[in-house]
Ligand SMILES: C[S@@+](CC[C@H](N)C(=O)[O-])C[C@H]1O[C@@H](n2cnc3c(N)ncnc32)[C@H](O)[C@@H]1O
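The chain below stands alone, shown as structure tokens; this is the form predicted alone.
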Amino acid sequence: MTIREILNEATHSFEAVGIPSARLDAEVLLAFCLKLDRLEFLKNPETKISKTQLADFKKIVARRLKWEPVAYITGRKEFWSFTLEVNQGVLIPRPDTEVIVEEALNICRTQNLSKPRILDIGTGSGAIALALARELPDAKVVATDISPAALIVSQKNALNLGLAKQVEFIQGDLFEPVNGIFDIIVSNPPYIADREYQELPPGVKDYEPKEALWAGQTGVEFYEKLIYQSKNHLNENGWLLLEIGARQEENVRKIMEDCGNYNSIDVRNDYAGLPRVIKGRKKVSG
């Protein structure tokens, strides 16, 4: 079979089960299987592949037909300006999460923060922490996660990116293992409510770690903990930045306002125009 024929067949198979990105997935998976750059083999669509390569590709296609995410099949996912290793021990980084990185960088720039201390709660693959470390070489970044499996992945990513000396990874629940005071605290916490979790697509619910997605009955349980506990770990005028779900702006803003420890509360939309990051600055005491 030629590359064109193989891609067409895989695309039709993916479309038949309702996979929305059928053609792109077929191309990415074939490139992974052949260990070639995707654009390179697309230039030569009449190239034939061996029976062994075809058999390997069909095994990969079978996994995707069960809705296993492409990132878990290939073991990697692009985020910010680099590629992360991922597996089923970590949430797959989404492009929308880059917005929280942009907001943290903007705070460092506008506040003229020198050698900022940054804390990432629930780091997962390390995406946010490593992006900030990459862009702020003078920063000291601490990243926590309750999952030992996630920390194995994040520490490996730090080594692969040459950032292991700049980011400290520690295991524990939220702020429990944290010492010290920070200029910025960031987090992409679990924020899926119980009812929403049951309705997630199979590629998410059946493969990605539930503890990184499901927050509880209401979906704001982690926000309450993060907002009320963060004040004990922020410098005066330090910033708390939280990724939020598309319909959570009002509820999370109210929690932050009711806490009484933050001002300059604002929400940043993602590039689809949906509320994505809420931020607040710790009030000066006295």
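Just count from 1 along the sequence shown to find any residue number. Source: prediction; values computed, not measured.
Not pictured, yet referred to below: the form predicted in complex with this ligand.
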item: Among the candidates E211, E78, D138, D206, the residue which, in the predicted bound form, approaches this ligand to within 4.5 Å (heavy atoms); value: E211
item: Option touching this ligand, based on a heavy atom within 4.5 Å in the predicted bound form, out of I152, L174, V99, A193; value: L174
item: This ligand in the predicted bound form: contacting segment from 130-138, 185-193, 111-119, 158-166, heavy atom within 4.5 Å; value: 185-193
item: This ligand contact at V142 in the predicted bound form, heavy atom, 4.5 Å; value: no
item: F32: touches this ligand in the predicted bound form, heavy atom cutoff 4.5 angstroms; value: no
item: Interface membership of L91, this ligand in the predicted bound form, 4.5 Å heavy atom rule; value: yes
item: This ligand contact in the predicted bound form: Y228, any heavy atom under 4.5 Å; value: no
item: This ligand in the predicted bound form - contacting residues of 222-261, heavy atom within 4.5 Å; value: F222
